Every structure is written in C-alpha cells, then in structure tokens.
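In structure tokens, the next block holds one chain alone, the form predicted alone.
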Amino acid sequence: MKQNIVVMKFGGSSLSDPKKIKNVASLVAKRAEDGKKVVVVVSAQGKTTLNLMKSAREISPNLHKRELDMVLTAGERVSMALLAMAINDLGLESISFTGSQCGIITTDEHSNARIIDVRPFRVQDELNRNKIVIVAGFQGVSYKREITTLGRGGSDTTAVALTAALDAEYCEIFSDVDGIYSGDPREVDPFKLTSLSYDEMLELAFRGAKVLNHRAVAYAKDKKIAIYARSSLKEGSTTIRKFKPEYQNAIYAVTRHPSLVMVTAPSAEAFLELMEKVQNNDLTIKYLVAAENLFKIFISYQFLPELKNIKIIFSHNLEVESISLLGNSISESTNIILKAEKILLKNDIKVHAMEFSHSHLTYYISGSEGKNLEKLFHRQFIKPHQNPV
C-alpha cells in the first residue's frame, strides 16, 4: 500500500531567482497543508551548472571528472538550502539533504553515474517527524564513498528513484512548461499531450524532448510510478503512466535533438576499435550505421572530449541534428515516409542517415537545417489539424 508521500521535483528555471524560490516554497507548503508528506528534489538555479562548467574549463581544459563532480554538485546544494530557508519562513519545518546524505548510492563513474540503490533512512525519519525534506538532485555517492553526478537531467532520475524507494503515491516534475507538447513551444505552435504511456514518453525523451530525462522515465516504467509533468507557474499537466498508446496510428509529436556529433571511421577495423572505446567509456550512441565502406555513429556533443581522447583515426562533423516524427505503426505506413521524403527533396535538405521503426521516423541532417525542418514537419503532420493525424 502506497504511503501518504509525494515527491515534487523542480527544475532550475523554477528556482532561478528569490521570487521563484518563494513561489516554489508556497507550492510545497500547499501540498503539506493538503495532508501530504512531501519530499522535494531540486536542480541547480537557472544556468548555474553551465556557469560552473564554464569556470572549470577556464581553469583547466582537461576533464578532471572527479573534481568536476565536486564542482557541479555545489549548484544543487545551494538550491536545496535556499528552498529550505524559504519553507521554514512560512512556518513549516524543513531540512535539506545532499544526494549522499539521503542515501542515493551510485556506480563508481564520474559525470554519468547510474543509481544502483536508494537507502532513504534519514529521509523517512524526518518525514516521520513531519518535516518537509529537500534533496539535492543530480548527485549521489558511489560504493567507494566518492561524490558522483548522474548526467544531464539527473535530477529527474533522483526524484523517480526516491518515489520508488519511499513507496510514494506519485512523482511531480515541475518546469516552466505545463506539460508535454507535440513540439517545442519556442519553435512551433503545438498542442498539449494530456496523457502518455511510458513507451511514448521514452521515445519523446530519447529523441530530444527536454521536459523529462529518459533514464527517469525508464526507471518509472520499471517501478510502475505515475509521473505528472506540471508547471510551477500555471495550472495544467501531462500524466505519464502505463496507458495503452493514446495516439493509435498517428504522428503525435515532432522532436529535434541538437548538438549531435557524426563520427566517421575509415575502416571496419577502426570502427570496431571505436565501438570498444565507446563501450569502455559508457558513452550513449544515438544511432549507428555499419555497412560496406560506411561506418558512422551519432553521439551527443557532450561526449566529444572523451572521443577526442580515443587514440584512433576518425573524422567528425560537429553540426548535426536529428528530427523525429513520433507515432504508432509508422513502419507500416509508407504514406508518412513518402510525405517526409517529399519535404526533404523540395527543400533540398541533405540527409546523413535515416532510421525508422514502429514508433519513430528519424532523420540526421545538418544543424543549420534543423529548426526549419522541425517547423515543416510539424506543419505537415500535426499543425493543420491541431490533433494527431
């Protein structure tokens, strides 16, 4: 039986200044006043993580991953303490914990660790004392007692992992957007997806949607945790749980994944060595092409420094993006592929690679064409109808 606990996670945009922190404190207080025991997971404020990374690179161009983790985890610690202060000033009792203090145990891997266990004994003790617990997201401690970080979007994973470990009712992920949309609201005029299955959300997250981290969604699917994607500024949400796909035989979203690197190996032998290095460094590949005289992988730009340290011959293109049409039964619809290919041909857009499956059709193209193709695809497949086609 689920405990009367909810987990609320707030992203950096919701905590970027004192006014927003006080607004978050009020939202948390409301949950507590509704009779819930509340655990809050926080990200670093605004662009704090980027600024800390910039400072580190100005000091040293080399990646000292252990020390970098020590630097980057400071951002979340600031957020947790400031929010705890704001909640205490509302007359409620609150206490803040780092990832290690609240029992987040990870692999022994700096910058991209994975959670292997959660031992939330201190969190549970403080909840039993009717305190609101604030936890620094994105971080944990390895079995070697080293401070680690969970990679980009790791605070989402922290929140879902705590939800499972505490047997909480549900997990709320707050950002500046009131749910999940059919496209990036900054680039297109999308509609809101009111509910999604885990598998649909996994595709969205992996293919570039920034609202939720794909590791967090996979964790939620495994533990059968309901996630509500909400805004800290207005009403509205999207529910993610074990639904059957709502948008049958339809394109329900267009996503863009910028900042990809296309790495080309000159031979089968070089490609094999490249893949072994990628595996040893635990780098995430978005897509690979391996055929006669053609060996390519597509990987996030954030992993380029690690690739540069691999002592093999390869070339890379820094300005690559992927554009994906997401839906159901795509591989059974030649009409969708035909329409997409006509758009590419008409607009003279060069394709580096293409992949498709039951749930997505993805093109890897030059970064200069990404935003334009995103708009063209959304207009063709979604916008005229304001609902999936």
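Note that residue numbering follows the sequence shown and begins at 1. Since the structure is predicted, the reported quantities are computational estimates derived from the model, not experimental observations.
As for the form predicted in complex with a small molecule, it is not shown, yet the points below apply to it.
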query	finding
Options 101 to 109, 163 to 171, 290 to 298, 148 to 156; stretch whose heavy atom lies within 4.5 Å of the small molecule in the predicted bound form	148 to 156
Contact residue in the predicted bound form, chosen from V320, L325, A340, A44 - any heavy atom within 4.5 Å of the small molecule	A44
Non-hydrogen atom contact S359 with the small molecule in the predicted bound form at 4.5 angstroms	no
Proximity of S333 to the small molecule in the predicted bound form, heavy atoms at 4.5 Å	no
